[in-house]
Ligand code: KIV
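Let's start with one chain on its own, the form predicted alone, as structure tokens.
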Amino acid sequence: MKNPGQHDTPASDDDVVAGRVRIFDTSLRDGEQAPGFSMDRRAKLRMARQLEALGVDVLEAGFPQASPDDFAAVAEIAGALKNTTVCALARCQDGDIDSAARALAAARHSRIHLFLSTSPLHREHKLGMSRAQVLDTAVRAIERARGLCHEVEFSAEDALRTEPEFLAEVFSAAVAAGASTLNAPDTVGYTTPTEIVELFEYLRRHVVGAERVIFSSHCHDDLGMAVANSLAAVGAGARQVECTINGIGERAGNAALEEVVMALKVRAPHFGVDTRIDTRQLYPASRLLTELTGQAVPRNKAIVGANAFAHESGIHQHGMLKHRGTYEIMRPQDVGIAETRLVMGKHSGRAALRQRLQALGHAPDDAALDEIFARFKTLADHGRELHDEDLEALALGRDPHAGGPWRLVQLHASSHLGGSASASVKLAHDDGHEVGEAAIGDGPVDAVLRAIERATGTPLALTRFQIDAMGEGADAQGHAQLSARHAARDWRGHGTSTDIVEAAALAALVIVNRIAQHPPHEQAPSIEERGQGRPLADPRAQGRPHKEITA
């Protein structure tokens, strides 16, 4: 740790000032404190390691004074990270500052992030302070923190609703006191890109010592403009953006890190700056956060949503088959997604169907393709996506919706707080015999799937399990979607019931029946055998399958 009075001058680094934007991630502080996104210490540490692998410059690990657990989480992260600056939030109060310093003691590079409201509304109703009192409080806090960490950031809470001349006065005093980063947050998501440009340009002209500090933007999404405002701030000279994975945060959230970073990357000639982010880690970071919080990402979410690199429209698919650039401005691999998906649904065309059938090892002539396409359209008009096993059934002249040979006759599942779950099933086969099996699992769904495996003799390595609520209230149905690995290939199944365990069992039976209808000699080569992707890991060897529950 540096001696009191000794501080960095990062703004003297021409690369930082002119060519690079620092990414300040606050997923574990601003994001985690939002309802539904709380994480325990173990989860926070896992996320922190992923964020360091992503390449964030600064990681705000928490608010140590908020609780003993938050203090412990910040301390653990501070001791674990090697390259990323670890930051702790603190009010301009001695107790907060000292607590933050103790939590950051083991950090290789530490930052205390001080904040104090500056807007007239906050000064009057939140703080009960005059302008002079706000100014004195900020200076005293920065001077105290300056001797306890490697660098200090000062945030003027509600800066965008603060009088510009007073904000410049506070920031000038903050620079003189030793702050090396000045943050002008849009705390309530009120501003517009034009207004934020005007403010940052004003601050860079009027803050005394502006050339020695980094200006930072922290935007909330209450009006849906957090990313646009952050990028506008960069255009006006901000060289740090404070953001979160998946845009999580208070109320409507913060600027989404993945959107800010990819906008700067894809539109590099326009912005003229870059970041240190390894963009191939964006999708893994998004998925890990989803796993840790249980909060699903909307399908249409930019960059990391399930539809971000998926195309169903026949016109779009035809263009994509001709040249990727027709409908994609970035490669999925650049954000850590394996490949673009041409979704086979009711809007798909012949060209995409032919291409997918060829990838599955089928090469129908024009007449056969016409017949397959007509049947494909009939099935797709029911409103669902058709997967590889459906297309193979069509290519082989079979009915993808054909039931059997297995059907569910009885199902019983139970779970116990603090213990394992158990389940028993009875299945009937088309040849007339019935099979009953029981199993124990981590939960009732896991136990049911294991019982079905035993009853049918079909081992399944579950790779994805998702439950969606269809409707509201006690009688709402659950729609289960399962993906599983069997015989070196992937299978999918769907099931619907008011009982989510039964819905999962029905989805598993769809998979088992599809496997039974496709003998090994008829199964298409797996993805890795075709050389079109990486093999999927067996979740039973490496952990629990990804689960999503959305309403």
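Each residue number is its position in the shown sequence, starting from 1. Keep in mind the model is a prediction, meaning the values are calculated, not measured.
From this point on, the text means the form predicted in complex with the ligand, which you will not see here.
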Sort through S155, Q317, T84, T191 and report the residue having a heavy atom within 4.5 Å of the ligand in the predicted complex. S155
So the ligand isn't shown here. In the predicted complex, which residue out of T118, T456, S286, N183 has a non-hydrogen atom within 4.5 Å of it? N183
Using heavy atoms and a 4.5 Å limit, would one call H218 a contact residue for the ligand in the predicted complex? yes
Can you tell me whether H113 touches the ligand? I mean in the predicted complex, with a 4.5 angstroms heavy atom cut-off. yes
So in the predicted complex, is the ligand close enough to K44 to count as touching (4.5 Å, heavy atoms)? no
Does any part of A256 reach within 4.5 Å of the ligand in the predicted complex? Heavy atoms only, please. no
In contact with the ligand in the predicted complex (heavy atoms, 4.5 Å), from 276-284, 347-355, 155-163, 361-369, is stretch 155-163
Contact check, 72-103 vs the ligand in the predicted complex, heavy atom within 4.5 Å, ordered by sequence, gives L89
